[in-house]
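As structure tokens, one chain now follows by itself in the form predicted alone.
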């Protein structure tokens, strides 16, 4: 086997990676780790790799891999390369797609054989153990600072550690280092909980005769009360933000602020601007606290200033996830419908409350009480409004508003006595987008149909 016998040059281009395990869950901390790696690669003009640590066949599945890929794509994090056909160990020229450790078993066996042959590892009770140096190992971390790792009292009794289990399965420490070595990783940016593993990894790199990459261990993400965020905590899964209708750019912005801060204490910072500013020495040393209320606020700020095109894209995606077949309606109608909801929406799950009525054939009410309330409306007054709408020459927001006000004036009633039942009649809800613009989007025919339905029902 051929190994690198000399250290790689210091000025080599930046190559970073995100290496999650596909267990059906992408933790918000893992998403931030991916984001920080991606930001550093984009800031330096380097390369960002995605590597799936799927050697544990019992825990991994393709569905779990898709959870990771979906989450990264949703955040806008693109990776730069994939394994080469027939040579998954070599970086650089393959089709874009993640590397899979499960496809690299031959490479791990080759590396282990070399360690054994050169006296760096040995067989013990069916497993392969690495000869760990007894001297302290200094870790020059770019975030934490210089850390000296000495053997613990327990490790002094048995400092050597397993790199291949008795069943032939290589362990995390080995495959992590072999992958980083083969793929030319220059910087390892990962959570501070991995700092305890780093001395072992440095020792393995040195055994292969290669300088280790530079390490940057980023602070942990804690709950707002200071406790460590677990998988069961609210907000821990990236998938929940997709399901709950957050804008991906708002979530990415917030993740940037968990351990990094731009000058001036700004909080709304677009991802392209973060790319221009981001560098490893700026990562904060203290642990970050996850504040869901702040994320909700930030999401609202993004939606408030979002372009109509982007709002339309995310709103339609949200409606489709909730079971509405927007594709069955003309594109111009869908665009106009979701546009009326924009001033009201702070989370895309709310689009349902303000735009669902556009995409229903029959009137549905928020509650049974609202249906009863509408059917108790003055039928004569509602009938006059229906006749006025039918007689309007041009159907738009201004003409429908003028027609309603004319009916109210003629009947000597406040316009609220018409506005409220009209809104219930066309949307089934007491709240919604601008009523007159909603009428324009729905179209005269559908508005009259819904008024006819009310007028033809038995009074409550």
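Just so it is clear, the structure is predicted and the values come from calculations on it, not from any experiment. Positions refer to the first chain, counted from 1.
Keep in mind that the form predicted together with glutamic acid (GLU) is not shown, yet the notes after this line are about it.
Checking 244-252, 169-177, 222-230, 109-117 against glutamic acid (GLU) in the predicted bound form, the stretch whose residues place heavy atoms within 4.5 Å of it is 169-177. A single residue from the set 187, 353, 194, 335 has any heavy atom within 4.5 angstroms of glutamic acid (GLU) in the predicted bound form; that residue is 194. Think of it this way: in the predicted bound form, glutamic acid (GLU) has a heavy atom of just one of 447, 19, 16, 441 within 4.5 Å, and the residue is 19.
In the predicted bound form, no heavy atom of residue 401 sits within 4.5 Å of glutamic acid (GLU). Shown without its partner, the chain has 53 as the single residue in segment 38-53 with a non-hydrogen atom within 4.5 angstroms of glutamic acid (GLU) in the predicted bound form.
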